[in-house]
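The chain that follows stands alone, in the form predicted alone, written as structure tokens.
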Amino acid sequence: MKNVRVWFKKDDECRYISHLDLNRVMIRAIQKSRLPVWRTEGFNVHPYITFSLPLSLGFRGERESMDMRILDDKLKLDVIKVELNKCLPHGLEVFDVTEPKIKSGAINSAKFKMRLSTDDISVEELYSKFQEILSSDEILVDKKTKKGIKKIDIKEYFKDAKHYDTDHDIVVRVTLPAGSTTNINPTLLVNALQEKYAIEVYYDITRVDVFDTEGRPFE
């Protein structure tokens, strides 16, 4: 028996399925593929899988991963990739299968690409307001925690954000805390923009990659 890490993309219609539904889709794909995956014991027997870091509903994911155990040590990793892709819906695609090198608990941050637009003002005005809010002394937003709603300042998390405007939207690239300790959702900045300037901002967000505590890409 060996542990394997399945790398996949989540896009198109599938970015709107919840994490729970993603779990169900993957389990069904594994069952349909007839791959020799280790299963749980007990009344409800099913393939045992774990995801490295849940992806927010509506986000695209370019480098998502899940772990599982293969009973056949001789099974080639490329075979797992091919067989799973045969059973997955459009919008979910396995692009690699490897043996895990870093534990999921070591994930510390994630890189995002955000595309922001609005019908209320021009792209130039939106860009100006975006620069204005980033240069503010603080950016206070409401964040849901286990103890309820908490007011936090997200200014420090977005200070290194790279951004530029196009003919239709603003593109932002930023790396934010993610993992078991601190999580900063990029939509918090969108919420701050909408609240401060009373405009409706549309967003298209992609999680590009995740990193460990030393800043190395998760493997």
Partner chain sequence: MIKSKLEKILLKVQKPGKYVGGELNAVIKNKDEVDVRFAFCFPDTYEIGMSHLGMKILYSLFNSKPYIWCERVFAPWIDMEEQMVKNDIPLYALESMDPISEFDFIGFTLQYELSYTNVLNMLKLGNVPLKSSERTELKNIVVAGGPCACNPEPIADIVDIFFIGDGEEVDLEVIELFRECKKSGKSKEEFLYLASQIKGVYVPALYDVTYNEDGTIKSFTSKREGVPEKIEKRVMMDMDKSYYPDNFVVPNVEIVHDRAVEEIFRGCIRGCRFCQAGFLYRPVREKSVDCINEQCHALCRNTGYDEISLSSLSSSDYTQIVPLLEKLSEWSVDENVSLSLPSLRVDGFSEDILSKIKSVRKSGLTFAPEAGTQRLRDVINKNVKEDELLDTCLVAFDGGYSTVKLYFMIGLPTETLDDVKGIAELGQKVVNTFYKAENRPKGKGVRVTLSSSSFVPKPFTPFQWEPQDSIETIHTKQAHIRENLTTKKISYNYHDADTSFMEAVFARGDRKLNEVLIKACEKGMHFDGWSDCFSLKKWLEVFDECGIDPHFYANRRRSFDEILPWDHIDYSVTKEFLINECKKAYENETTPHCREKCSNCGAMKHKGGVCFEKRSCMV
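Just so we're clear, the structure is a prediction, and the values are computed from it rather than from any experiment. Numbering follows the first chain given and starts at 1.
Below, we turn to the form predicted in complex with the partner chain, even though it does not appear here.
Among heavy atoms of Q31, some come within 4.5 Å of the partner chain in the model of the complex. Though the partner is left out of this view, R15 does reach within 4.5 Å of the partner chain in the model of the complex, counting heavy atoms only. Taking non-hydrogen atoms only, K74 never approaches the partner chain to within 4.5 angstroms in the model of the complex. For the chain shown alone, H90 is a contact residue for the partner chain in the model of the complex, at least one non-hydrogen atom being within 4.5 angstroms. Of the candidate stretches 174-182, 158-166, 31-39, 61-69, only 31-39 has residues whose heavy atoms lie within 4.5 Å of the partner chain in the model of the complex. Highlighted residues D96, L188 and V210: none comes within 4.5 Å of the partner chain in the model of the complex, counting any heavy atom.
For the partner-free chain shown, E200, Y202, Y203 of 183-219 come within 4.5 angstroms of the partner chain in the model of the complex, judged by any non-hydrogen atom.
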